[in-house]
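So this first bit is one chain, no partners, the form predicted on its own, shown in structure tokens.
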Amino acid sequence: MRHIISVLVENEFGALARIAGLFSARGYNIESLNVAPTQDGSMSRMTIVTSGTDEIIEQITKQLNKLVDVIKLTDLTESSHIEREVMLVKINAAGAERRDEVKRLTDIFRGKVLDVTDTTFTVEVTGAAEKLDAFVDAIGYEGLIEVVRSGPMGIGRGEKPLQL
């Protein structure tokens, strides 16, 4: 089963390497990793997407909690949460008919056109992974020039934040 683990870490040199090393040393796979500073400059928030049985995820969280860089963590999949992914897509849009079709699909999927050239559109689409997959399917693989995806990011629902 896929899990989204949100981790507050000290914003220090090597923290990412130690956490990635923990996964690597134990043979666990990181499907997606996102790191950004928080409102407190001394901390960063990592969103790690991984898969495994409940026992494996429990082992991962126990091992993460032992690292000195880790301040607090939560498995977002254990409770109600919101998750989103960002995708940037460069699309072949040569010809008026194709340009109209790409613009129409972008509007349907509530995307944003970020860049336009004579032959391409660069589009941003945000949402659940299924929505992004559906956009790619609607555009058609032959029309794709480049696709960049962030991987899922998540936050718990309600008033309780992940903080000290």
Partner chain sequence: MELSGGEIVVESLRREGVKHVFGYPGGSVLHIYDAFFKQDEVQHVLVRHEQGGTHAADGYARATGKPGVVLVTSGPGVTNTVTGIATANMDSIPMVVLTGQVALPVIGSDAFQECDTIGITRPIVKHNILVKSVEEIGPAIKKAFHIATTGRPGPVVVDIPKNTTDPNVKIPFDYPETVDIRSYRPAERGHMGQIRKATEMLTEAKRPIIYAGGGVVQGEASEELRTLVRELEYPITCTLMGLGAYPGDDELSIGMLGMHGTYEANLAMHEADVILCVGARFDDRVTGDLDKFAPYAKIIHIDVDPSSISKNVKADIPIVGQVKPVLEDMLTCLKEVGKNQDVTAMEAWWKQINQWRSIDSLAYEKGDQIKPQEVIESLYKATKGDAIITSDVGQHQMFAAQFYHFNRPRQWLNSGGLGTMGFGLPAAIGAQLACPDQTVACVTGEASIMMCIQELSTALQYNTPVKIINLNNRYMGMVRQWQEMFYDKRYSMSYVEALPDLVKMAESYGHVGIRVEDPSELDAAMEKAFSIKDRLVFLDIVVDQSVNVYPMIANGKGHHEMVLSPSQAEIDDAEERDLA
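Just so you know, these numbers come straight off a predicted model, no measurement behind them. Positions refer to the first chain, counted from 1.
Keep in mind that the form predicted in complex with the partner chain is not shown, yet the notes after this line are about it.
You can rule out all but one of 115-123, 41-49, 97-105, 129-137: in the predicted bound form, only 41-49 has residues with a heavy atom within 4.5 Å of the partner chain. In the predicted bound form, Ser32 stays away from the partner chain, with no heavy atom inside 4.5 Å. For Arg18, a non-hydrogen atom is located within 4.5 Å of the partner chain in the predicted bound form, even though that partner is not displayed. Using a 4.5 angstroms limit between non-hydrogen atoms, Lys66 touches the partner chain in the predicted bound form. Using a 4.5 angstroms threshold between heavy atoms, Leu73 stays clear of the partner chain in the predicted bound form. Using a 4.5 angstroms heavy atom cutoff to the partner chain in the predicted bound form, none of Phe23, Ser79 and His81 count as contacting.
In the predicted bound form, Glu10, Glu12, Phe13, Gly14, Ala17, Arg18, Asp40 are the residues of 1-40 with at least one heavy atom within 4.5 Å of the partner chain, listed from first to last.
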